[in-house]
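Below sits a lone chain in structure tokens, taken as the form predicted on its own.
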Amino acid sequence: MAGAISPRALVIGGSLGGLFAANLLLRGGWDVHLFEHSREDLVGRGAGIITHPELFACLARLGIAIDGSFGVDIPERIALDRSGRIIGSLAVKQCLTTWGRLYELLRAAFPGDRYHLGHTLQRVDAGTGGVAATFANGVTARGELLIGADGIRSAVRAQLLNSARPHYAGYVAWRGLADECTLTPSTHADLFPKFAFSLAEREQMLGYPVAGFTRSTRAGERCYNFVWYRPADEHRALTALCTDVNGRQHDMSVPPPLIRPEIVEAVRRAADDLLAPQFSEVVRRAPQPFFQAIFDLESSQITFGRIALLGDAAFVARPHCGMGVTKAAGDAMVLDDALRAADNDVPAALLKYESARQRFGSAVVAHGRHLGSYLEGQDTGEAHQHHTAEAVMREIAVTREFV
């Protein structure tokens, strides 16, 4: 109807999940404003991203064209033994991109005057007809719908469902990027363009090629991205890892430049001792390895009247599934569909959204726990079955149906 006022949506969290939701709702006729707590743009954060069909479906719905600069195509997976010998291979075609590239595409699609930096959420207040968000800078925004897409530390979830908290899995993931031009010819030949694995007791290393530091996906300008899962006792090893060069204690990770040099050197020595030489070389060539503690999170409820949790604010699965970004895209599409089907009746739409994504999120979290059970320290036969060359090539970060 001419002159009708568009309903307003408030999206809390300016990372990928928030941008998926904000872009979709904007194209659905909503008056959308997105609020990010950081004072600086998020470009440059993160590393490699596994893609799945649902992710491409969301990008297509947004009209974002995908070309050769989006990612690196790989034809197969290999497993390496401690000596560096290839002991298995499996044909699995995938496209590997980076967090930064995906963020750039989504950020460019969303109007800059609707993306608000430096807004730290303090409180949400919901009534029968609307919802309000109050920020630490004194700003209060109001709308008909609020989406909490503010990640594993979600301030929205903390206010509405404080019982849902991250659970530490007992291990960390070391990550890094090595410029392909710094690798020896033999290592380069073994790893490019392949998804590779190397196993050690209670540890798992994997890696794959992604766009380089200049965002180029051309041969000779790419990087090799590695993810190395290593056990870390919560009260001793993790505490030591999370103490930065200034002696400050962090809770889940440390900004890469603040990781103590002796910690990085210890990881590089461990790579020499435990990993296939190809991966040891990659770890040595990565200029700034960093780590993230592995958590999972399961929410018993993801909608609250006119408020919905989305992406990592709702469920966090261990990265073995390779589903974090795709799950956020799927959440956003299901929410968008539900709102359209309900003619923007927010409470009714959110009931449908919760019914669909509650089951999906729980299934992904459960699958991640199964895949990481051996790394967590479980000694069951099933846990050991997930830690063979054949199993990791077949199970880790592959597309599958969850519900």
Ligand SMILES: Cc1cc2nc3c(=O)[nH]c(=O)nc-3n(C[C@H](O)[C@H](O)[C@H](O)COP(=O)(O)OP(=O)(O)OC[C@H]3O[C@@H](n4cnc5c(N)ncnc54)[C@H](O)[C@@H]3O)c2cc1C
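Quick note: we count residues from 1 along the sequence shown, nothing fancier. If you're wondering where the values come from, they're calculated on a predicted model, not measured in any experiment.
In what follows, reference is made to the form predicted in complex with this ligand, a form of this protein that is not presented.
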Mind telling me which stretch in 263-271, 316-324, 179-187, 159-167 gets its heavy atoms within 4.5 Å of this ligand in the predicted complex?
316-324
Just one of Q292, T239, Q288, Q301 has a heavy atom within 4.5 angstroms of this ligand in the predicted complex, so which one?
Q292
Using heavy atoms and a 4.5 Å cut-off, decide whether G14, G17 and I49 all contact this ligand in the predicted complex.
yes
G151: touches this ligand in the predicted complex, heavy atom cutoff 4.5 angstroms
yes
Closest heavy atom of Y171 to this ligand in the predicted complex, within 4.5 Å or not?
no
Taking the shortest heavy atom distance, is A155 within 4.5 Å of this ligand in the predicted complex?
yes
How about H33 - does it come within 4.5 Å of this ligand in the predicted complex, if we only consider non-hydrogen atoms?
no
Just to make sure I understand: among 91-107, which residues lie within 4.5 Å of this ligand in the predicted complex, judging by heavy atoms?
W99
